[in-house]
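Below you'll find only one chain, the form predicted alone, shown as structure tokens.
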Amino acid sequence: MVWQPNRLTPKKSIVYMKHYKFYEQVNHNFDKAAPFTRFDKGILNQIKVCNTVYKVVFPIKRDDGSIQVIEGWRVEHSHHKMPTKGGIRYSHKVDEDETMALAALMTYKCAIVDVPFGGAKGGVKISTREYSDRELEKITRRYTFELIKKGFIGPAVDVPAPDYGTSAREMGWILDTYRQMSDDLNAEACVTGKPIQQGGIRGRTEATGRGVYFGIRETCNHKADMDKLGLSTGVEGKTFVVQGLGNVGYHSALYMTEAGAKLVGVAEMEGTIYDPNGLDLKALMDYRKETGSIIGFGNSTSLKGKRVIFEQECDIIIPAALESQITIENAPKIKAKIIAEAANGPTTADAHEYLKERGALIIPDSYLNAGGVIVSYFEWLKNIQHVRYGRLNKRFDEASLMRIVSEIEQLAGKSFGEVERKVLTRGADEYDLVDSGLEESMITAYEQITTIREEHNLEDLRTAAFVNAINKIGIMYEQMGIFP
């Protein structure tokens, strides 16, 4: 199918699913992939269902002395591998359906990138802007206490991580609370995304955005797909827009621009800006820090609304905010040829079908934003093993490389300069090893997805990614002997 930018009428075969909730949309994608696997209905139903849903309700005392009741959830979607793994989201929009959907996506995401965890997710129904730091710490510690009481957290049980509205700070509070109530030798592994000083790992902060870049790079290097879209291979020279300049959106944009792509539009809470001549990301971030807004930056044009960013001229869209941002209402206005889902569930099922029929290439969230859980896995391993990556081998590798360089100098009759010697003999530190592992994981997963797509003659990467996940999880259930 050749890209047809002016074709705005979807085929009649598209089923409109505006009424579908988030969890139903995840299961819709699962159901599309299931016929391409060999598992019977029983195993497929077991894979789909959320194993455990825990709702917590607790009071906190606010700074003004008033008492407020807080709602929260922790969902463990699949126990086919333990521990379960998934972030904790703080948002006034959090509810049980969203938490179940995100937990299910975590299960499939972990399977796609070969991370040995089951999927889980947590959510607390608050708007962080309405609470002081002291109040947020109270909420985090009490929520953690509720998880501990019911056995919903632990290095071998369930391991949270940051998500929308949370950061390394909240993960540090969780660890401290867990330590106070447990004598577990591996306590640091009860949560990931922590500060470095509390057992965190270098590279975790930028991991999701870094993974987004690696995924886009692999997609853009696939010549057959680029030929269909009428694009050249490679990231360099391609234009892109990003919705959301948080941790994921910023780092996605950073690595894309470093690779030679051009950022032409940004949408944030305060509005949207667009400049076809390109936006300087560093200058934009400095401007926003100084003024509190992206509006009015440089020669950009200010646009109303956050979703209008998707309608602008560009090659690649990177939605890096929340779910259900690209819908059947705004999909016909999209001109981009590649939709790179940095957020969880940013494209509704009917919008996906519409864009696919139009010839767009969608890089699915279940693969593209897996960088965070990949590096969380490395952090968990570091905490279980009680040793920093690179500590045992860095100096040994540098000494070995130094001997090789010395031999080369003798054979060549020429000496390298001091700077050159340092570059040539540098051993890998923790960040280098983490980044290498992340890149390898994203490349391998993309190769698996594209192989499945070709084997089954599938039209889209999302279905192929789900087939990949179902195959791996289904085999685990068979080996567990749950079904005769």
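For clarity, every value in this text was computed on a predicted model and none was experimentally measured. From 1 onward, residues are counted along the sequence shown.
Note that the form predicted together with a small molecule isn't included here; everything after this is about it.
Asker: Report the stretch among 151 to 159, 338 to 346, 229 to 237, 132 to 140 that approaches the small molecule in the predicted bound form to within 4.5 Å, counting heavy atoms only.
Answerer: Heavy-atom contact with the partner occurs in 338 to 346.
Asker: Can you work out which of N247, S182, Q198, N330 has a heavy atom no more than 4.5 Å from the small molecule in the predicted bound form?
Answerer: Checking each option against the small molecule in the predicted bound form, the one that comes within 4.5 Å is N247.
Asker: If the cut-off is 4.5 angstroms on heavy atoms, which of these, K85, H77, K109, K194, is the one near the small molecule in the predicted bound form?
Answerer: Filtering the options by heavy-atom distance leaves K109.
Asker: Using 4.5 Å between non-hydrogen atoms, is Y164 touching the small molecule in the predicted bound form?
Answerer: Although the small molecule is absent here, Y164 would touch it in the predicted bound form, with heavy atoms inside 4.5 Å.
Asker: Can I362 be called a contact residue for the small molecule in the predicted bound form at 4.5 Å between heavy atoms?
Answerer: Output for I362 is no: heavy atoms all beyond 4.5 Å of the small molecule.
Asker: Would A168 sit within 4.5 Å of the small molecule in the predicted bound form, counting heavy atoms only?
Answerer: Contact with the small molecule, no.
Asker: Against the small molecule in the predicted bound form, would M269 count as a contact residue? Criterion: heavy atoms within 4.5 Å.
Answerer: Within the cut-off, so yes.
Asker: Since the partner isn't included here, can you check whether the small molecule sits close to all of T144, N186 and N383 in the predicted bound form (heavy atom within 4.5 Å for each)?
Answerer: Result no, not one residue of the spot touches the small molecule.
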